[in-house]
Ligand code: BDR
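To begin, one chain is listed below as C-alpha cells, in the form predicted on its own.
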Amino acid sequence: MASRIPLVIDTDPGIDDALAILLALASPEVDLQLVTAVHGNVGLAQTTENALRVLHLAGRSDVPVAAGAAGPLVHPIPERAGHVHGAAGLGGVELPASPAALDPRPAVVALAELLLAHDPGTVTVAPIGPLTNIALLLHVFPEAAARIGRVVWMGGSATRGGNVTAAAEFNAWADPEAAAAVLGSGLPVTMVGLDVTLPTVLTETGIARFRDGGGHVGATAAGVLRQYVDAARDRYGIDGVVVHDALALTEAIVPGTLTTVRRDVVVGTTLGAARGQTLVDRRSVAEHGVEVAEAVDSAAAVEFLVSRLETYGA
C-alpha cells in the first residue's frame, strides 16, 4: 500500500461533519493527524467539544483537537444551523465526554506547525465548514500555507444556487470574505459544492447497514443521523440525507473520486442578496483557479461511505 496521506480536518460539527470525521478514521489511505474546530453549524465552544467527542467515540482521542475562529473575519454570521443539526450540533445525541484535553495551541498555530514539520505538498487539508481558519493561516503563516498539498473544501455551488439563501451555500455564506481569500489565494483548492453533494443521498437502507453492522460506532452514527433524516424529509421530501461533508472527505481520501474542472471562481462579499454566492465561470477552463467538482458517481460514493462505516469498529 502507498504511504498514507497526512490529513487535517477543519470542521464545525455538525451531523454531517461527524460522519465525515468517522469516514476519515475508517479509511487506511489517510492518517488523520489534527482536527481544527471553527464556528459554523453551532458556536465554536460546541463545535470543539463535538469534535473531541466524535474522536472519543471512535477510540481516537489521541488525535489532537485545536480551537480556531469563533466568528467570521468581518461580519457576524446572521444565524447558525441548529434547526438542522440540533442545538448542540449532533442531532440530539449526547456522546460521552472525551478524556483528552483540548490542544492548547490556537488552530492556526497547530496547523502551521504541522505543515512546517512535513515535506511541502504532502499534507491534505479538508475544511468542511466556513473557511475562516484557513484564511487566517494564509495571512498569519503564509509560508506554512504554501506547503499544503491539497485543500479539499466542502462548500459553494456552481449551478444549483444555494441552500441557506437563494444564492449561497452555507459554508460560503458563513464567511464570504474568508472564502474569497482562500479561493483566490492560488492554493490547490478543490471545491466540492452542492452540484455534486445534493445528488449524493445516503438512504435509510444504507444507514441501516452500518447501524446493524458497524458495532457501537455505526449504531451511534445512525442515531446521530436521525434528526438529519427527519429534516431532509421535511425540507426536501427525500428519504435519506445528503452527505455533503463525507463526499468532500471521500475526494480527500481517494483523489479523483470526483470529476473536476479548473474554473475561475469569485465569491460575493457584498451585504446584499448575492452574499456568499460562488460565481463560477463555466465558459472555459481556467489556466489557474479552483478545481470545481462537476460530476460524481453518487451510488459509488455512498457505497464507499457505507462500506467503510459498516466494518469500522465492528
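The numbering used is simple: start at 1 and walk along the sequence shown. No experiment lies behind these values; they were computed from the predicted model shown.
One more form of this protein should be noted, the form predicted together with the named molecule, which is absent from this view; the next part is about it.
K.L.:
Just one of L202, V151, I128, A107 has a heavy atom within 4.5 Å of the named molecule in the predicted complex. Which one?
P.N.:
Contact check passes for I128.
K.L.:
Quick one: of Q227, N163, T124, T190, which gets a non-hydrogen atom within 4.5 angstroms of the named molecule in the predicted complex?
P.N.:
Contact residue from the list: N163.
K.L.:
Just one of 239-247, 94-102, 109-117, 69-77 has residues with a heavy atom within 4.5 Å of the named molecule in the predicted complex, so point it out.
P.N.:
Result for this chain: 239-247.
K.L.:
Give a yes/no on whether N41 approaches the named molecule to within 4.5 Å in the predicted complex, heavy atoms considered.
P.N.:
N41 belongs to the contact set for the named molecule.
K.L.:
If you check in the predicted complex, is F210 within 4.5 Å of the named molecule, heavy atoms only?
P.N.:
Answer no; every heavy atom of F210 is more than 4.5 Å from the named molecule in the predicted complex.
K.L.:
Of 281-313, which residues get within 4.5 Å of the named molecule in the predicted complex if you count heavy atoms?
P.N.:
Heavy-atom contacts to the named molecule in the predicted complex: nothing from 281-313.
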